[in-house]
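In C-alpha cells, the next block holds one chain alone, the form predicted on its own.
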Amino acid sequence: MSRSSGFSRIVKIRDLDDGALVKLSKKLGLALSDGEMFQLRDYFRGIGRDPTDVEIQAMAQAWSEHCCYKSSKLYLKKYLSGLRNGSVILAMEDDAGVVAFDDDHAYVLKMESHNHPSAVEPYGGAATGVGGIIRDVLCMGAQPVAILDSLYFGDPEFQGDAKGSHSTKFLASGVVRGIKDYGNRLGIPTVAGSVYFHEGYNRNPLVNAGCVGILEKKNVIRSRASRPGEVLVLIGGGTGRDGIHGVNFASSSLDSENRKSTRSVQLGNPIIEEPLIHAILEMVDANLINGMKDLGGGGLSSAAGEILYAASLSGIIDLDKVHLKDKGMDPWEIWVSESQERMLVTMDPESVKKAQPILKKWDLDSSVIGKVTDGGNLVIQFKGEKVLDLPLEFLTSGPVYARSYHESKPSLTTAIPMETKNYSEFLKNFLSSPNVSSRFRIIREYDRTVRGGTAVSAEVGSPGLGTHSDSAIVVPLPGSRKALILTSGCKVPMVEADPYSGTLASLCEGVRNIICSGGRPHSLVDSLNFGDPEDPEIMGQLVTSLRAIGDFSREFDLPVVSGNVSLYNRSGEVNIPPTPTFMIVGLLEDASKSLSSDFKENGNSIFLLGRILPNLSGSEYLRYFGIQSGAPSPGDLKDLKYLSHLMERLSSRSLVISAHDVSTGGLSVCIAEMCFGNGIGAEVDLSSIYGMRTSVKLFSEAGNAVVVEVPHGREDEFLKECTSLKPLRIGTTGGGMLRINDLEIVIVDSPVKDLMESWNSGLEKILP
C-alpha cells in the first residue's frame, strides 16, 4: 500500500497476482474468499484505478456472510418468501418484523445470534448481543418490553484446550452475567428462553438473543431513507476502535488465531443505551425521524449503505463529522467500527433543531454526518478528501452463491436400552442431568418483572418451590389485558438426527408451549445457526431445515416475519450441530385466563391430550445412555392444529387449569415438573397408553402431546368438548408423592420433595 494525497491509503490490487491477492486479504483482515478478491481486482481494473483502504474495507464488510447472506439468500427466498398473512405489517424487509397486536398497536420482534464474540469474550459478546437486538426493535419505533435468550454450551465437563477455547463453566457463567447485567441495567425484563448442553458446542457456543417491543401502528419507522434532501444523523455513543472487523470475524470459522482477536468484540454500555431508548422514542412521538437503522454488525458501513440502498437512493457522508471516543482514528476505522449504542436516523433538515432539546435532556451526543441524494455513487469524505466513491448496488448488494449441498438420508433405526430395574432411582438421577434439570440458577439471575408487565415469567408456582413455565406472558399496554406469549428454543438432538423432522419437532414444541399457556400462535422468527456452508453436508442441513420451516409455516398459517442466519460456526474441523432456533409469539386476549404448568389443587384429574409416539429417537433418554439416535417423528401437524384450537377453547372455559407439554425428558419429566410448582404429588397410571414399552411411555419426546389438569367434577364437560380427540385419563393430583404405575406395577414411587431437590441440583457445578 502507498499513502494517497491525504488521509486514506491506496491499496494496489490491480497488478497483484492471485497468490499475493489472497495474502493481502488475510493481512488486512478482510475475510473475503479468493474468488471475491479476484472479483474486486477485476472490478477496479475495469474502472481504471485501485481502491482506497476505506473502499476495500467497506467491500469486505458489505460482502461478509454476516451482512449479505451470500450463502443463504437464494434458499431463504426459495423456501421462506411470501410466508405472511393479514396480521403482518412488515416481514423480511426491515431490521425487525412488525405484526398487528390490536386495532391501534403492533408488536415488533427479532432474534439474532452473537456467537463468535461470545466464544472469545463471553461476557461482552452476550451483553452486546442483547444491546444489539434491543436496538433492532427500537429502530422500528417500538418500546422494547421483553428479552429472550436461547443458549447452547458444550459438555459441562469440557475444560477448554490449548488452542484458546474456554471451558464450558467459564463460557456459561460469562454469558449469563452479560445478559443479566445488560438487561437488568436497562430495566427490560428477560422473561423466557432455553439452555442446552452438547459436546458439539465445546469450542463454539451459541448465544441467541430475542426481543419484543410495542408501538402505535402510526409510528412504525422504516429501515430506509425517504427522499433526497434528508440529513443523516448519528445519535448515541461515540465511535471507537472496538468491534473492528466484527462481521468479518463472524463470517469465518473459529481458529486459534482469530480467537485472539478481542478487538473484534464490541464493548457494550447499557448506561448509554437506556437514555438512547428514551430519546429515540420521544423523537418518534414528535414525528422527527423518517428512517432509522441500528449500528450493529458492519457499523456505519452497513447501516448507511443499507438505509440508502433500500430506498434506491444514495448519499454524501463526512466521516470527520462523526463524534469519536478514540483519538486519531483512520477513516476506514471510523467507517467499519462496530461501537455500540449508536443509531443512524434520516431526518428533514428542520427536524434536527427540534431534536436538540430531547437529545440534550438525555445527555446524548449527535452528529449530522451527511445527506441523502438521488441514486448513484455513495461518496464518503474525510476533511474534504474523497475516500470512497462507489455505486451502492455494487457496494451493498453482495454476491449470491448457489452453494452445492447434499441432503443426507437419516437413519431410521435407533437402539433401545434395556428396561431400567429401578425407575424411581433412575428418574431422580435423570432429573439432575444438565439438559433436564432446573434452569433456576439462570432464570433467577434475570429481572423478570421490571416494568410490571410480566404476567407469567419463566418460573411459576409457590415461593420456595416453583417450576418452569412453558412460555412467558407479557401485557405490553397499560390498562389492557391483552397479552403476548413468548417462547424460544430448538430440539437439538432431533435436528442433529434429521434436520427436516427435527426442525418440524422444534416448531411443534414452540406451538405447544404457546397453547399450554392458553393462547394461540401468531408469528415466528428464526435464528439459524449452522456450520461451514462450503461443506455440502452442512449446506444440506440448512436447506433441509429451511424447507421444513416453509412447510410448517404454510400448514399453520404462521408467518415468518424476521430472521437471522449465522454460518461458519466451526472450530477446526468440528461443525456445531445444526441449530435452527425459533422464537414464537402468541396472543392471549385476556392475561387473567392464562394457563401455567403447575398443578393447582389436590383431587383433580390428569389427562393426556394428543399422542405420544412409540419413538425414543432424539430423546434425552437416549443421550443419557450415549446412544446414537435415528430420525425422530415430529407427529402429525394436523393433529397439532386441532389440539391448538381445542386448548384455546378449554382454557377460555376454565376446563383446564394447568397444562404442560411433553417435551425434553418425556412424560415422566413433564408430570414431575407439574408437581414441583406447588409441591402437589400425583398418582399416575400409564396402562391406557398402548403398544409401547414402559421406558418409551416415560421418556419418548416424539409426537404432540400435552398433560392437563381438569378440575374435579368438570370431567364430563371436558370430555364433551374433546369430540374429535380422545383424551386419556392417566391420574389424579394429590399428596406429596409421585407414583407412576404401568400394567398394575408400581414403577416410580418417590417423594416429590426428593425429586425436586435432585432437579434443582443439576446446574450447581456449572453455575455455582
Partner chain sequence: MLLVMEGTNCEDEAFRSFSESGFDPKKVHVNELDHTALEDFDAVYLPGGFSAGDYVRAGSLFASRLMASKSAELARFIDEGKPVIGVCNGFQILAESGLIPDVSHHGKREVALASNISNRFECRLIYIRNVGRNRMLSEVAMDPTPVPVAHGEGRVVFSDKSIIEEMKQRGQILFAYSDPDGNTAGYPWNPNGSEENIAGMTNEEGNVIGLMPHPERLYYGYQLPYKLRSGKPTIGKQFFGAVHKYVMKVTA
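Residue numbers count along the first chain shown, from 1. Worth saying up front: this structure is predicted, and the values here are computed from it rather than measured.
The next section is about a form of this same protein that is not shown, the form predicted in complex with the partner chain.
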| query | finding |
| --- | --- |
| R441, heavy atom within 4.5 angstroms of the partner chain in the predicted complex | yes |
| Contact label in the predicted complex: I271 to the partner chain, heavy atom within 4.5 Å | yes |
| 4.5 Å heavy atom contact, K360 to the partner chain in the predicted complex | yes |
| R481, heavy atom within 4.5 angstroms of the partner chain in the predicted complex | yes |
| The partner chain in the predicted complex: contacting segment from 396-404, 472-480, 80-88, 216-224, heavy atom within 4.5 Å | 472-480 |
| Partner-contacting position among I334, L609, A591, I671 - heavy atom within 4.5 Å of the partner chain in the predicted complex | A591 |
| Position in contact with the partner chain when the complex is considered in the predicted complex, options S687, Q628, T449, S411, heavy atoms within 4.5 Å | T449 |
| Non-hydrogen atom within 4.5 Å of the partner chain in the predicted complex for each of S433, P493 and G735 | no |
| Residues of 449-478 having any heavy atom within 4.5 Å of the partner chain in the predicted complex, listed in sequence order | T449, V450, R451, G452, G453, T454, A455, G461, S462, P463, G464, V475, P478 |
